[in-house]
Every structure is written in structure tokens, then in C-alpha cells.
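Single chain ahead, written as C-alpha cells, the form predicted alone.
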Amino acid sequence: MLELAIDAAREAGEMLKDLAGKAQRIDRKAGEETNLVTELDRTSEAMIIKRIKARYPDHEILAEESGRNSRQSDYRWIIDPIDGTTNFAHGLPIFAVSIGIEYRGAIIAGVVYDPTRDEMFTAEKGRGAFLNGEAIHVSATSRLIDSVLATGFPYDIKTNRGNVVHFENFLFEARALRRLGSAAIDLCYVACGRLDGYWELSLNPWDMAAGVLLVEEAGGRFTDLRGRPGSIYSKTVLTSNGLIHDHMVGVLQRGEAGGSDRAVKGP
């Protein structure tokens, strides 16, 4: 199944690679003014699903644009056809195709393909994480002040501003913060040590199904914001190299309690 996921992600990614910033139609999802979808999201998703159905017609599929099919199966393919659609639509070369495979509630394989850099991140449960076939590992950074972190912000940020407080708090605790615009790439970068940690408050299963497995298989840690066992069906995610994890939980908990150097007020 991993090889099928790799082939499907590569095929879709190759189609997308030269089309960044060239989408003919850009729509907005219902009720989310800044949440974009292009005709190429749908084309990429259809390509991936077609490949899966040809090999595994009885498997369940959960995909960002078409939702969940009616199949009942021990296996579920979780697909994000373009993670980083806003970047893609604006021609920013930070987007990826993400495919996770779930078996009886556990993610057993994951693939994230960044076509711009031709980087294929892969993982199987218990078998490690890889970038273009070479083993990858999380960083060895042990202090938060020496860490580079990433996060993202929800589409409803005008009314859901909690992560603004967390972002501000981490500005004073970490070496640097980044906001790349693709959760899948953020997670891969934690897995390969380019980032030391990543958190976000409002994700969907397809955003992180493959990426969190990559982090864990690369030796990292995946929890909710309070340090409890993580779930791709929870909106929140906290991943790190493990060494700075508890410190990150502490900063997030301070933010949840309203602790910030400056009060962040709503509009």
C-alpha cells in the first residue's frame, strides 16, 4: 500500500508542480472567506482516488474535497490533494500532496510529496521515516530558546484568536517562529530536523494523518496541546523532537490560562 500511496502522490504532485499560481478557478469554501479551493485540488484528489479504487475498491476514503465515502472497511485512506492551497493559488512554492493510511484506527503508513523540491517523505508504522529513501530523524535541540518552531492560524481567526496569544508567548521563548502555510510540510520538517517543534489549533485529519506518523517514526512526539496522547481527529496538534516537548506544553498552558505579555483583544 505504501508504494501505491507514493505513486499516487507523485503523479498528482507532478501534475501540480508547474501549475502553481495558474489555477483558472479559485473558490471559497462555504462560510470561510479565506479558505480557498481550486479546480486543481479537485483534479489532484480525483487522480489519487482513481488509483486507490483501482487497487482497493472496498477501502474507505476520507478526502478533503469529496469527504468520506460510504464504504465500511478496516482500511481508510486519508487524502489532502493540495496541502497549502493558498500558497499554491498565489504561486508560493510551499505545498504538498499528503496521503495517510489508517488501519482499525491507527495510522500505519504515510506519504507527503513536495513536488517543488521533489521531496518524498514516507513512513510505515514501526519501520522508520524516510526522505527520498534516506532515513530521517528529529533534531537534537534540547532547549526551547535554541529552537525554531512553526505554527498556523485558523481560517476563522477573526473570531478564534487563541493562537495569537500562543504565538506571542513563543516569540519570547524560542529562537524563531515560522508560518509556512502547509501543516503537512511543517510536520515533515519536524520529522527531518529542519524544525524543532510545531503546534496548531484547528486542523483536520487530512492535514496531519501522514505527517504525525512521520514525526513519530523519526523519533519525535505527537500529543494534544496539554501533552495528552494525540489524535488526528482532534483539532489540535503538538509535535516536537521530544526534548523540548514539555517546555512547549508549559508555554501553551500559560496561553490557555490567559498568560501573555500583552493582552490580545478581539476586533
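Just so it is clear, the model here is predicted, and its values are computed rather than measured. Start at 1 with the first residue shown and count on from there.
Form predicted in complex with a small molecule: not shown, discussed below.
Put simply, of G181, G193, P115, G162 only one has a heavy atom within 4.5 Å of the small molecule in the predicted bound form, and it is G181. Out of the listed residues C188, I99, I82, A123, I82 is the one that sits within 4.5 Å of the small molecule in the predicted bound form by at least one heavy atom. For the chain shown alone, L203 is a contact residue for the small molecule in the predicted bound form, at least one non-hydrogen atom being within 4.5 angstroms.
The small molecule is not shown here, and in the predicted bound form it never comes within 4.5 Å of any heavy atom of F170. Though the partner is left out of this view, F130 does not reach within 4.5 Å of the small molecule in the predicted bound form, counting heavy atoms only.
The small molecule is not shown here, but in the predicted bound form it comes within 4.5 Å of a heavy atom of D207. Residues within 4.5 angstroms of the small molecule in the predicted bound form, judged by any non-hydrogen atom, belong to 145-153 and to none of the other stretches in 132-140, 170-178, 104-112, 145-153.
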